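You are given structure tokens for the same protein chain in two forms, set apart as structure 1 and structure 2.
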Structure 1
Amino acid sequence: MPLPSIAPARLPLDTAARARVLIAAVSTGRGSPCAGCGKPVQAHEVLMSIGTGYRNAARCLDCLARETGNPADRLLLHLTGWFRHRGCYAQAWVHATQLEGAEPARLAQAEAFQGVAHALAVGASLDPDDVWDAGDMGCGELVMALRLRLKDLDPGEILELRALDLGAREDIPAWCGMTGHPLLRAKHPVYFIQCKET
């Protein structure tokens, strides 16, 4: 049985009227089964579905990401950035937040990653969550201890590492590249490493 459309194929031209249509779609679409995986769709996800053109049936963020070929957090950031600059979608986003009681938890984490990337781009100083002086430790011993140290951090948290070993200049970037923990800044002997998303 086909799922009901969550929004009309064409939205009204008038901003206020478009906002009313989107708000109604968010209200009625909230809790409907995701067209991809069947789990209940949240209010924000209804709006994201409409924003990405999936008006025939709402999808959760992960299914939207998969179907559009984008990482979920990147899609989330892109859509929320777009919504905030369009009055009708911005009003519907506020309504969705009221229904859910908060913005999507993943948005804060995604913005934290984006904030760090921006800070690096403008040369801002980093504020590490952990500082570790590895001294002369090097080679396999260093990267094993580093792995264990990062396991104690939460995704997004930043470790400031001081590693005097001469091989660290090559090893730390290599290890970060292989394991996926972003190397935010490297100026031997100091390295800023971010704990990757799980």
Structure 2
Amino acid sequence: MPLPSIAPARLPLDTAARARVLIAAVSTGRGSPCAGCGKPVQAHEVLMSIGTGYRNAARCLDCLARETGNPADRLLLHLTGWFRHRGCYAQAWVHATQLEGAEPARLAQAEAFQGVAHALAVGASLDPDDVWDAGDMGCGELVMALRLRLKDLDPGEILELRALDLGAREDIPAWCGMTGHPLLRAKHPVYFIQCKET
């Protein structure tokens, strides 16, 4: 028997209405079986499922990582960062934290590791294999074009992206986290993205 959807295929455009839908989904989806492994999902995992496009049924973090091809800790970091900067998702994240009594335990470890990795990457010199000036292209169009651009690179090669759109500050790191392409350095408007290993 198919599992009921945890959120509608299209979320409302109004931020307040979208927040209500997300909060309801987190509340009702918590404890439901993971569509991948069957173990009960936590409230944060319900929101992560919706954020990665799995609105039909919630998945645990490990199954989301496996299905999206990302390491679990990297996916958790990027989704958490993205949620915290989006009003409706931020409200739902806070609600999930209240339901669970704390943020996911793995988050603190992942944030500590990210701090060390970032400190190392900032000092490293980067020699890009390709340079692309996307100008003021909006992020919806930008990430689609970016996906095609990275598709032309070999695994491990580096793209230097220049993107003037202010939304790129949050959207490029979140997109890299969700797709698994390492973001080596980001100082708006310049981003160094490595083509992920297949």
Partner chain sequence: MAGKFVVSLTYAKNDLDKATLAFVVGNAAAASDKEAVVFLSSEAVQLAVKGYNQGLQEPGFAPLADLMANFAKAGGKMYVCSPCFKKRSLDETALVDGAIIVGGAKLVEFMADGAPSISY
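We call the rigid core whatever largest set of C-alpha positions still superposes within 1.5 Å between the two forms. One-based numbering along structure 1's sequence throughout. Keep in mind it's a predicted model, so treat the numbers as computed, not measured.
- Remark: the form predicted alone is the source of structure 2; structure 1 originates elsewhere.
- Superposition of the core reveals a Cα shift of 2 Å or more for L159 between structures 1 and 2.
- With the core held fixed, L150 shows a CA shift of 2 Å or greater between structures 1 and 2.
- Superposition of the core reveals a Cα shift of 2 Å or more for A134 between structures 1 and 2.
- If you overlay the core, the Cα of P182 moves by 16.6 Å between structures 1 and 2.
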